[in-house]
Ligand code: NG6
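Okay, here we've got a single chain as structure tokens, the form predicted on its own, with questions on binding and movement later.
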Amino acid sequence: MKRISEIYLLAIALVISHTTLAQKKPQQPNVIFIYADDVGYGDLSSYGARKISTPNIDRIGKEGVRFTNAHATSATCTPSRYALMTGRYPWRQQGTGVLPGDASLILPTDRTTLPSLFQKSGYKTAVVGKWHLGLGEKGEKINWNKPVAKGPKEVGFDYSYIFPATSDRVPTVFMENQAVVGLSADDPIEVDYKNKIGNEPTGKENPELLKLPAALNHGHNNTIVNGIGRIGWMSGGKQARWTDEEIAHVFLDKAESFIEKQAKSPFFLYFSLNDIHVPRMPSTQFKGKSGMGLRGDVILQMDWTVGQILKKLEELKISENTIVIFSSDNGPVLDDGYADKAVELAAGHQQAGGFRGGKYSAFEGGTRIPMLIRWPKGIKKGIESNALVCQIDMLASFARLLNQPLNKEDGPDSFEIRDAFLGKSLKGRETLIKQGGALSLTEGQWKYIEPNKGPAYYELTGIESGNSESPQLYNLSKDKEEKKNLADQYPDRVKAMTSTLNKMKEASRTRP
């Protein structure tokens, strides 16, 4: 009997011990990636802006890490988003350019993506906001009047509330879990990017109906929705169409709702903002408040949105163990298709922070973007880092943080630089290929831009492309504006960097 009692007591002790250990096991951090659209390095006050203030976004860096050498892989949105999700350079796959609103899904469904990585670690995952990575099966026309077969769910998102492409492209509708929100069965949607459909007014034929005039030759003169001409033609779905001035509030509401529902267990939220992409249509709350026109107003709206997310985390008492990342998909552009006086009203504001070029460009202004990361439980306050980091490295770095192995086919161009992202090391990756019109290679302080026959200047946007038929070499530590081409002075370095770039282009990196 005594022996049985001892065994019984030992069993109880083991149960108590196991329960205590389980209770002490630290919960994995929540992760919110806030991805802004077309926000330049110099558009935030923490990066030197003086005509406008962004205190909520700045706070992330003050309470964490502010990166001064962070990059998107590309100078336009779709390829940057593809790289973030897959850890793979977008130029390795055809069809990763800026997509029309009726494009098929370009993300792989048989490889680890950023959201599926979190799913494997027991996280609930969501995407709220702009998508622009395609929907549906390749080669099949999308039927907008029923749930789309392939989309965010198939690449790792448990919940999605998105619009398909950009706010200047049709269809101008929200989709929740891959079905159009508010669609009436007797008013089916049709979309076409080649030929006009339906009999609705267009910006080209009825410019008098536009509340936001379109600039010439940009293509924003097709179907008019909410007084704004769009790229592409659309008919039907009138009840489901959004009002531009409400987009930011709708997305914020859905993001906050997801955070509230998942507050007691780990979650990953990819919060992909519409701001500050064209057409810039702030809510009444911010219209006319910046003194910099509509572009300035939506910067204020964007900052307020970020502040609301930070406030929600504090209300739910989950701020301490939530990683918040703020970044942008590419560099800035002022004139991108609508006559909103962004160029005139930006006088004195350096949207690219003194770097040359902007959106679409191979120069630094195209891919050098703001990035700020806060994690009160895991990152010290007030760190400024000049480590070379890129959004493509999020996949491998979070895999390390979550102790999730990656197959050799997963994220082939993603490097594990967790310590750099957490401010524990000021050393990031050693090299980086970036995509503007031309490809460029950065190695330390040196940047090489390969020869490209494209135009040297984009007339429509007023941005230098970085294209040249001759090789370009710049020392970024001494010449951040890339004004002095040193290719003729350092032919051996040009030769070596050309060789390195070509080798990296020819073969995909695989994991050990």
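Heads up: residue numbers just count along the shown sequence, starting at 1. Fair warning: this is a prediction, and the values are worked out from it, not measured in the lab.
We do not show the form predicted in complex with this ligand, though everything after this point is about it.
In the predicted bound form, Cys77 approaches this ligand with a heavy atom inside 4.5 Å. Mapping the unseen interface onto this chain, Arg295 falls outside it, with no heavy atom inside 4.5 Å of this ligand in the predicted bound form.
Mapping the unseen interface onto this chain, Leu486 falls outside it, with no heavy atom inside 4.5 Å of this ligand in the predicted bound form.
In the predicted bound form, Arg169 approaches this ligand with a heavy atom inside 4.5 Å.
Listed residues Arg356, His349, Lys434, His220 were compared with this ligand in the predicted bound form; His220 is the one with a heavy atom within 4.5 Å. Contact with this ligand in the predicted bound form, judged by any heavy atom within 4.5 Å, is made by just one of Glu364, Asp275, Asp393, Asp329: Asp329.
Of the candidate stretches 467-475, 439-447, 53-61, 36-44, only 36-44 has residues whose heavy atoms lie within 4.5 Å of this ligand in the predicted bound form. Annotated contacts: Ala126, Phe258 and Lys312 are all free of this ligand in the predicted bound form [non-hydrogen atom within 4.5 angstroms]. Looking at 229-253, the one residue that comes within 4.5 Å of this ligand in the predicted bound form, counting any heavy atom, is Ile231.
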